[in-house]
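This document starts with one chain, in the form predicted alone, laid out as structure tokens.
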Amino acid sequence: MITVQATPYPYAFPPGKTALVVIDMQRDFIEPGGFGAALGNDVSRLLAIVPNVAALLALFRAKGWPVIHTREAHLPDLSDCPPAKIARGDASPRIGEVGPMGRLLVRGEAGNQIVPALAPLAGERVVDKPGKGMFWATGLHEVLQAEGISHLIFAGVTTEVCVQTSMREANDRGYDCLLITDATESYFAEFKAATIAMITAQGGIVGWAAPFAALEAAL
């Protein structure tokens, strides 16, 4: 076991049974000129974590440990997108409509791709998820069980939406989860802080949190 100094107490994980999960580091959420920026968000906050996420990826790749990338993505005909999800938003472009980098949250569109600096390598699993959480309608839990994965280390965006949802789903399925605090981000600093506090409250009710340096030191 490898032990990381974390909040609320040290996080121990077994090599070979631990996967890195990089949530939704997509161009439309992160890059200037993408959908996130078009909505008036400060995407520089999300862009700033790219080096730390890249360092996490490099660490796992060097160890030969499994890596999972997710994208919030729908089929072109939107048959996997509930009408209630499409209807959300007021004046905002809706899912499936054309944004600055193609149709919003649609598989295959330019904006739906992971930013080049974090592009998946051959053999790394890429999960297109129709919901906020990585387990809903993806079959991922069954795959991870078959591979003996028991621990998940999380990075990505946004902290309070898809990252938190995926961690909560994972917690309910029995995985021990660690969030790397400087490899996740929100458009809103207060949302990130509140999410980390909720995740780690009450003895780690959802999981643990630690900066990348703590994981690096443990290795």
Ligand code: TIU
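None of the values given here were measured: they were computed from a predicted structure. One-based numbering along the sequence shown.
One more form of this protein exists, namely the form predicted in complex with the named molecule; it is left out here, but the text below deals with it.
Enquirer: Picking from 146-154, 60-68, 173-181, 31-39, which part of the chain touches the named molecule in the model of the complex when contact means heavy atoms within 4.5 Å?
Expert: Heavy-atom contact with the partner occurs in 31-39.
Enquirer: With the named molecule left out of view, which of 161, 55, 47, 194 would have a heavy atom within 4.5 Å of it in the model of the complex?
Expert: Among 161, 55, 47, 194, a heavy atom within 4.5 Å of the named molecule in the model of the complex occurs only for 161.
Enquirer: With the partner left out here, if you bring back the named molecule in the model of the complex, are 17, 135 and 169 all within 4.5 Å of it by some heavy atom?
Expert: No residue of the spot touches the named molecule in the model of the complex.
Enquirer: Residue 109 near the named molecule in the model of the complex, any heavy atom under 4.5 Å?
Expert: No.
Enquirer: For the stretch 182-213, return the residues whose heavy atoms include at least one within 4.5 Å of the named molecule in the model of the complex, in the order they occur.
Expert: The one in contact is 187.
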